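Quick setup: one chain, the form predicted alone, written in structure tokens, and binding and motion questions come after.
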């Protein structure tokens, strides 16, 4: 039985067709994967199922009955919930308070919250679905993976039978991905129907029962997972064969001069706790130095220090022998350091600004786009159009805002802007987070092009396969320290995994 079905569902924005007569059928109790390139229309389709936007035409059926949702509340009342790619949680509230937001448990015939009863009810549901959560923890104190589980619990508490997950693993570590996979399979075993939007084809093969492929707003393929493989899915998504593994040219850069250096870098957070301790790193010209580690071991703080968003308490940073320690981000960029931040919307883009404005953000004072304090509008428009074409950024309206773009296409704006700045050093944190396989291939090749041109690259990524594919040397972070630096060609994922867990070749675990 099909628990959810769309019949010729279409969504238009003016002349732009985001979804074109899509027919989708999801069987009860299955895990359905929706895959496609950035901007293919996947999230638009899911937003229509969840009542966030109304279709231009077509029908939506839930349990065989036609429904029309005017809001997410209508969808939830029909047993359909959605977990968005970017979490919608209140950090200062507890796990329990976030789950119950809007449907708090009140004391009998009073407007006051019954805190004890709330915690008991939520903990019972958490235990029922075997989620590893302490409902009294504050959301600001828990891991990214636990935040993901809180979002899922918000829907399960509301008793939904159909769960839509938009890029559920985009911000998770490999260990958290494994935990989520177990949780989703457990939910399926308990009778829940799950729809996942993802770019990670390995997860599609591991998790789903069937796959629907969407390309430029249309369904172009529908397959049982057991009858396909990653390469076939990638070919259907992109319309051509995709190289799923990077072919990196062997370059002897061991004798190249050091272009970027960190010496004894330490820093404390706002609570006075040391989060980086004596970090020593060197990046040579034409070298990719990868930073591996389970998220939460100081990578974010290291990124903030090297991009000027956090000050050091000890140590020096030099670029071509010139000290740039604790410089402002604008000065660091001006010195020749390109920056790709791990959170595209928090640090990389302004969603309410236009694509054109974001294309020059951080470089708006440069002579090619600014003359005597005035921005050169026509020049900037030409630059925007060139980068949209060169980086294959899918936009409905080139004059529109970044908020109108899919997450992957928004990421491509940052990639285009930073690569086009011709940096001496590129600091790239999670450069392919949330982008499709074709775009991953493109971005990886662009990074290797910079390497070939003699640019030093500091690559921070939670994707171990990305670190292994692109890096010449790999430094592993654990509890704010570098506990090992290895040559990529001489190491293995097993060795890196042990280092990431704090286990050194001496056989002991680092404290």
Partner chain sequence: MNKVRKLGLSLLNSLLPVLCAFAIGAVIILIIGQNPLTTYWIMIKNTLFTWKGFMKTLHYASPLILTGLAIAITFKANIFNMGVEGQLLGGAFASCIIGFSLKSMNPTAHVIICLLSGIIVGMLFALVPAILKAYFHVNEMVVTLMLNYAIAKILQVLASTVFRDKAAGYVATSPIESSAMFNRIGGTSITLFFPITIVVFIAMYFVFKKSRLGYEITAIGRNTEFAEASGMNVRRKIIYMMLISGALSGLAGAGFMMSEKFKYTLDFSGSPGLGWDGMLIALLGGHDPIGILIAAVFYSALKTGSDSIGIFANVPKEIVAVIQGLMILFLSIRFIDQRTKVFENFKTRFISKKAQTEEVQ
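Numbering follows the first chain given and starts at 1. Everything numeric here is computed off the predicted structure, so don't read it as measured data.
Below, we refer to the form predicted in complex with its partner chain, which is not included among the displayed structures.
Q: Counting only non-hydrogen atoms and a 4.5 angstroms cut-off, does residue 83 reach its partner chain in the predicted bound form?
A: Looking in the predicted bound form, residue contacts with its partner chain do not include residue 83, since no heavy atom lies within 4.5 Å.
Q: So in the predicted bound form, is its partner chain close enough to residue 348 to count as touching (4.5 Å, heavy atoms)?
A: Within the cut-off, so yes.
Q: How about residue 397: is it within 4.5 Å of its partner chain in the predicted bound form, going by heavy atoms?
A: Output for residue 397 is yes: heavy atoms within 4.5 Å of its partner chain.
Q: Using the partner position in the predicted bound form, report whether residue 197 sits within 4.5 Å of its partner chain, counting heavy atoms only.
A: Residue-level check for residue 197: no, no contact with its partner chain.
Q: Quick one: find which of 186-194, 338-346, 282-290, 429-437 has residues within 4.5 Å of its partner chain in the predicted bound form by heavy atom distance.
A: Within 4.5 Å of the partner lies stretch 338-346.
Q: So its partner chain isn't shown here. In the predicted bound form, which residue out of 388, 236, 309, 319 has a non-hydrogen atom within 4.5 Å of it?
A: For this set of options, the contacting one is 309.
Q: Of these, 333, 121, 215, 248, which has a heavy atom no more than 4.5 Å from its partner chain in the predicted bound form?
A: Of the candidates 333, 121, 215, 248, 333 is the one lying within 4.5 Å of its partner chain in the predicted bound form.
Q: Give, in sequence order, every residue of 358-378 that has a heavy atom within 4.5 Å of its partner chain in the predicted bound form, or say none if there are no such residues.
A: Heavy-atom contacts to its partner chain in the predicted bound form: 358, 360, 361, 362, 364, 365, 370, 373, 374, 375.
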